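This document contains two forms of one protein chain, each encoded as structure tokens and listed individually as structure 1 and structure 2.
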Structure 1
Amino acid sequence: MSPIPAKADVVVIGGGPAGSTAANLLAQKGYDVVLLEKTTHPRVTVGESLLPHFWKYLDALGAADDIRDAAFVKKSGGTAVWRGMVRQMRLMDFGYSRPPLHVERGEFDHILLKVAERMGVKVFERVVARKIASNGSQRRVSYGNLETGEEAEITCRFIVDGSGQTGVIANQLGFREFDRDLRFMSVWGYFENGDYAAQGGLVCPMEKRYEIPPTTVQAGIGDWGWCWHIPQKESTSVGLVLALSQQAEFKARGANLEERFLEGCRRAPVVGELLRDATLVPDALYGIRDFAYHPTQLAGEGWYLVGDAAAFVDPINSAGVLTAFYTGSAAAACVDGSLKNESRIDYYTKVYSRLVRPRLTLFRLSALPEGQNTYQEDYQIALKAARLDSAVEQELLMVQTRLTDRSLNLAPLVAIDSGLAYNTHSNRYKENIQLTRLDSDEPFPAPVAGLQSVA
């Protein structure tokens, strides 16, 4: 490994999709970019369902061919099992020409980082960013090199923080607020074999996944919780998202985390059936709690927060990686503008907040359980993002949220602005699908209406 330089135009903290995106785009513009990543890729991370508009970001990054060659599982759409009803939607119906994917994030993120390096980014792994400091137009990032034990710093003009949940800058400056409306815990793991749900209510064994594309399944648990089921190349990612009020019951279901998790999955409508003959991959269970937060400030004197380092909500709308691409691209455009004309630094800071804050707010509203929003001003803020999205993206969000009951949170937006595409064509999903096993006329057990909590 070459030595870490003492100077750069831009230091990017974190080598996930948000950091890789910002670093890649700035290197393409000819800037000297150093990226510090505290782990070694490929690393374990969750969030595997990608909506088709992510391809436009891959085009800009020069990564579309690399991702295509990785042959991730193509998905066809979504299946929601909610309050006793099964609904399905097909993403092809929205006119996308390239497929949505289910990706192993370890591999996906590693490819993006390697492409960034190819574009000229100087990537250093096992280097942890500690603190930032500012002095006039100069910024400093202090870091620890976990390989050598060396503690040193880099001088730069701009810092892009893509450090994920760690939130180096947000925590140092006290900008992170936890979301009192989204108090959840999540536990997830991976299953081998088992079945998946395809379009037309078809239930298929895993070996058919390249032949008959799977859907992402979301199954409601009680009023608030839900469960995801995402078939990938080798295994299926399954996770439980539970309200903290459901936690006591979850804990009572087994002697250890593995038993509780298996029992929670078994009880989830439809998902429990899909996993009937599946086996849990051992020693690969993960969990987090109280994970939703947002920042009081998104950008400041020479720094930008991107991806999860900025905000995180319930992952129900598969928006995590897209938000990483969006914020990474927006930060790159703003840093580029600021580096070209330093008298406009404040303007670009404002521009970034004006772009990103409404978008985060829109995703937060669309992810919240029904009626659970204590920030009434959010509707006006989210409207700004909704108006900037293309009609097809607006419509897709509405259809996604109608599969579950989260669309009720978006209804006030339509009331404020009837011009939004949210209420056109939003019948692009089928209701009350009867699930049937492939090569059998036998109906799949119907989901139970009015499920109480995990029970």
Structure 2
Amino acid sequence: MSPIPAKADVVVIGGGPAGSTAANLLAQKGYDVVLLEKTTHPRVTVGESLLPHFWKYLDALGAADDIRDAAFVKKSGGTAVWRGMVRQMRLMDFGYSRPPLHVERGEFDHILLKVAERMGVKVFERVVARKIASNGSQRRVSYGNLETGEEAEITCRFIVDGSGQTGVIANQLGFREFDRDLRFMSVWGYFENGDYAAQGGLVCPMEKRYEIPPTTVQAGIGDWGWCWHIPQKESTSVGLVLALSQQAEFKARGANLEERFLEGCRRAPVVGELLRDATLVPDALYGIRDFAYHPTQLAGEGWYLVGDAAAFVDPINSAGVLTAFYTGSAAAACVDGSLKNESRIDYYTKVYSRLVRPRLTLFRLSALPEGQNTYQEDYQIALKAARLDSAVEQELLMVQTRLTDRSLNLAPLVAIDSGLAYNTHSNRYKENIQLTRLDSDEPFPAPVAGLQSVA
């Protein structure tokens, strides 16, 4: 590894999608960009479902061909199992010409980082950012090199923090607050073999995943917990998201985390049956608690928070990577504008917050358990983002929330602005889907009415 330089125009902390996006776009503008990543890619990251919006960002990054060549599994849409009702939607019905994907995030993130490096970003892995400091127009990032043990610092003009849940800047400056309305824990792992749900309620074996595109399955468990099922290239990502009221019961079941997780998956409507013949990949269970949070500030004197370093909510609407691309792109544009005209630094700091906070807030409202928002100011904030979306994009968000009985979360926005498409009828999703097995007369068990307990 070449020596870490003593100075750069921009230091990016973190090599996830948000950090690599900001670094890539700034390097394309000709800036000297250094990216510090504490792990080594490909890193362990949860398997994820991506909405088709992401392709426009890949085009800007010069990464579309690389992702296409990786041959990730194409998804056709979503299947929601909620209170005994099976609903489905097809994303191509919303006018998208390129497919949504199910991706192994370790590989996906690694590709984005390599493309950023190709664009001129100086990437240093196993280097952990410790803290930041400012001195006039200069910023300093103190870091530790985990390979050499060296402790040093790098001087720059701007810092983009994409450090994810580590939240280097937010935690140092005290800007992070946990979301009191999203007190969940999540446990996830990977299964080999098993079945998946395709469009039309067709249940297919995993070997058909490239021939018959799968859907992302979301199954409600308990009051407002849920389970995801995401078929990928080699395995299926499965996770449990449990509300506070479910966590004690979950922990009381089984002698260890693996037993509890398997039992929880078995009890999840439809997902349990899809996993009937599947095998849990050993030594690949992960968990996190109280994972939803937001910052009280998104940008400041010479720094920007992007991706999960800025905020994180329940991933039920597959908005995580899109948020990373959006915030990484917005931060890059604001840093570029500031470097070109330093008299407008304060202006771009405010622009970033005005662009990003409403988008994050709208994603949060759409993911909340229905009727559980206690941040009443969020409706006016989210409205600014909602009004920027096209009618089709508004309809897509509305359909996503209807699939999982969350559509009433958008009602206060419609009460303020009746021109929004959140209360319109949509024929782009279907209800009362009957699940049937491909090439088999064996019936597929119907989900029971009411939400099943996870334990």
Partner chain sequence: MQATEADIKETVKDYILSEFLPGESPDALDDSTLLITSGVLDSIATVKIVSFLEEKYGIELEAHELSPEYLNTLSDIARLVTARIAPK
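What we label the rigid core is the largest C-alpha set whose atoms superpose within 1.5 Å from one form to the other. Only a predicted model underlies this, so the values are computations on that prediction, with no experimental measurement involved. Residues are numbered by position in structure 1's sequence, first residue being 1.
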Chain form predicted on its own: structure number out of two = 2
After the core is overlaid between structure 1 and structure 2, has the C-alpha of Ala391 moved by 2 angstroms or more?
-> yes
Threshold 2 Å Cα movement between structure 1 and structure 2 for Asn432, core superposed = no
After superposition on the rigid core, what is the displacement of the C-alpha atom of Glu442 between structure 1 and structure 2, in Å?
-> 4.1
